[in-house]
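Take a look at this one chain, the form predicted alone, written out in structure tokens.
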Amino acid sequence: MFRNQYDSDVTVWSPQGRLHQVEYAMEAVKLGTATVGLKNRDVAVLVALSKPSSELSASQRKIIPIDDHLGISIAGITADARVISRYLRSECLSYKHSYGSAYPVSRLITNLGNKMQTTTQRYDRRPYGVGLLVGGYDEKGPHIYQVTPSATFYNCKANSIGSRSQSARTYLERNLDKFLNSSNEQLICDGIQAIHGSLPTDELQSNNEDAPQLNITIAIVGKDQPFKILNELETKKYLSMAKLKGTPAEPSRPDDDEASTSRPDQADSGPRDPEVAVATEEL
């Protein structure tokens, strides 16, 4: 069922200047489990929560390596993320072959944003239904970028996307000042504590660290540190360190992210969703 007569095509504007199909794609990001990205002076860290769709299946991969200096964490439609990751890998390989060096992260994200933006203005395409947190390192230092389905991207100090991610963002905002001077181990523990905040209270209080809801993936990249996804033993070590460190982020409520989602009968009221724009670098 359509929200109204203006959301049947991605190229149709509503009288309020909104593209509803693009806004629907933004909502797809909230269907994926939460993921967190944060950085200090030397490294960028990605922490992702993976949940299997059922007890009979394995969990989807949430962190995808792109190059030695770059990787992405996803929330949303996994198939769309595979297409984007294949494009990013191709761009990195072509740049390395042509110039003999790693692709600058900001330039790569700009090109990705321009590619994603074309799908928001053609009737024969649809916006990508996946949000990205990009962790990378180049000559300018570590980077965390958020890329949205509307093709807007942000250069972040720390951020979280996905289902119930508001509690994780609250934890990151409260501790933002100390991230820059944190050690790598402390930074990873902060990422784990932030991601724990996206769990419902009953799951958070579970003492079984092997439970599906605590299937956490951690990746790190930085100075003299190629992009690396930590193995199971290393992940368990940091989970234990984070547990000893203190209380995690405040557990999320079911309506953390849904509260900002407009209902079908409230199509043009309340705060507006992010506008569609050609991606430009945010300083």
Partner chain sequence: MLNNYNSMAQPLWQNGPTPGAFYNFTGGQQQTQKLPKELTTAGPFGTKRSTSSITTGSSVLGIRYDGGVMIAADTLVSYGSLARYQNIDRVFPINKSIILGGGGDFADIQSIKRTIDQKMIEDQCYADGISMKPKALSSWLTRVLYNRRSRMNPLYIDVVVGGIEQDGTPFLANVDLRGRAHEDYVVATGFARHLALPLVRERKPKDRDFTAEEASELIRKCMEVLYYRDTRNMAQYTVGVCNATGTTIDGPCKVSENWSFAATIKGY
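In this text the structure is predicted, and so the values were computed from the model without any measurement. Residue numbers count along the first chain shown, from 1.
What comes next is about the form predicted together with the partner chain, which does not appear here.
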{"query": "Contact assignment for the partner chain in the predicted bound form, among S85, S106, Q186, T78, heavy atom within 4.5 Å", "finding": "S106"}
{"query": "Contact of K157 with the partner chain in the predicted bound form (heavy atom, 4.5 Å)", "finding": "no"}
{"query": "Contact flag, E139 vs the partner chain in the predicted bound form, heavy atom cut 4.5 Å", "finding": "yes"}
{"query": "Any non-hydrogen atom of N175 within 4.5 angstroms of the partner chain in the predicted bound form", "finding": "no"}
{"query": "4.5 Å heavy atom contact, N181 to the partner chain in the predicted bound form", "finding": "no"}
{"query": "Heavy atom contact within 4.5 Å of the partner chain in the predicted bound form, the stretch among 189-197, 160-168, 139-147, 68-76", "finding": "139-147"}
{"query": "Within 4.5 Å of the partner chain in the predicted bound form: residues from 112-137 (heavy atom criterion)", "finding": "N114, K115, T118, R122, Y123, D124, R125"}
